[in-house]
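One chain comes next, on its own, written as structure tokens: the form predicted on its own.
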């Protein structure tokens, strides 16, 4: 049986590097999923995960034990993702999109090669359109949308993660959904 986050955080605060490693192992997949949804890039998501845990380690003394460690960590990940998205806007705006060979390999792994080239092309087009629609969202809208629709978090959890009031969270999600519907209308 694993220790609770509260007990593990207490050990990590005391300098136990194995305890912090346990926190990383316990939460890294969720942070990575969120970062991929927000950044649209597995490489950027890996950077966000590293930055998130680095900041968490440095700020561990500021974590309030009565709070949920996962929520606190999500908030750091959201902020790191937003920072990366803003920095990216100042650099090159293009994303590396997977080529057909990569998509084919992924499809073969999942369906044992029963995917037609036409379906593969359509899948790549849908992925590109969804990513373009996500890119059209503000960083806060993207965070709220990803937490709600990809991660399945409640409005209250999203509010805590983003540091917003409930109505502001609902409004961000509403704006994101509206923008996504408009952008993806030709596909639906």
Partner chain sequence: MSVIHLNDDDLVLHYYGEMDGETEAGASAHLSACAACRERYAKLQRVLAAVETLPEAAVDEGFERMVWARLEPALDGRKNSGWSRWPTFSPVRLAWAAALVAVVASAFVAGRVWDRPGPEPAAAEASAKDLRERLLLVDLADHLDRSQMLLVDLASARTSGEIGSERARAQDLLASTRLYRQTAASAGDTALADLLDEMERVLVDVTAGAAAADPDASRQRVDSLLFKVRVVSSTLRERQKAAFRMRAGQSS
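What you are looking at is a predicted structure, and each value in this text was computed from that prediction instead of being measured. Rigid core (definition): largest C-alpha set, two forms, superposition within 1.5 Å. Residue numbers count along the first chain shown, from 1.
What comes next is about the form predicted together with the partner chain, which does not appear here.
Site residues 21, 36 and 170 are all in contact with the partner chain in the predicted complex, judged by any heavy atom within 4.5 Å. The partner chain in the predicted complex comes within 4.5 Å of no heavy atom belonging to residue 68. Taking non-hydrogen atoms only, residue 155 approaches the partner chain to within 4.5 angstroms in the predicted complex. When the partner chain is considered in the predicted complex, residue 130 lines it closely, a heavy atom lying within 4.5 Å. Not displayed here, the partner chain is kept clear of residue 62 by more than 4.5 Å at the level of heavy atoms in the predicted complex. Heavy atoms closer than or equal to 4.5 Å to the partner chain in the predicted complex belong, across 29-62, to the residues 29, 32, 33, 36, 37, 46, 47, 49, 50, 53, 54, 57, 58, ordered by sequence position. Shown in the overlay between the shown form and the other one, fitted on the rigid core, is a CA shift at residue 150 of 2 Å or greater. Relative to the superposed rigid core, the position of the CA of residue 13 differs between the shown form and the other one by less than 2 Å. Cα-Cα spacing of residue 158 to residue 82 is reduced in the predicted complex versus the present form (difference of at least 3 Å). By 3 Å or more, the C-alpha separation between residue 159 and residue 83 shrinks in the predicted complex relative to the form shown here.
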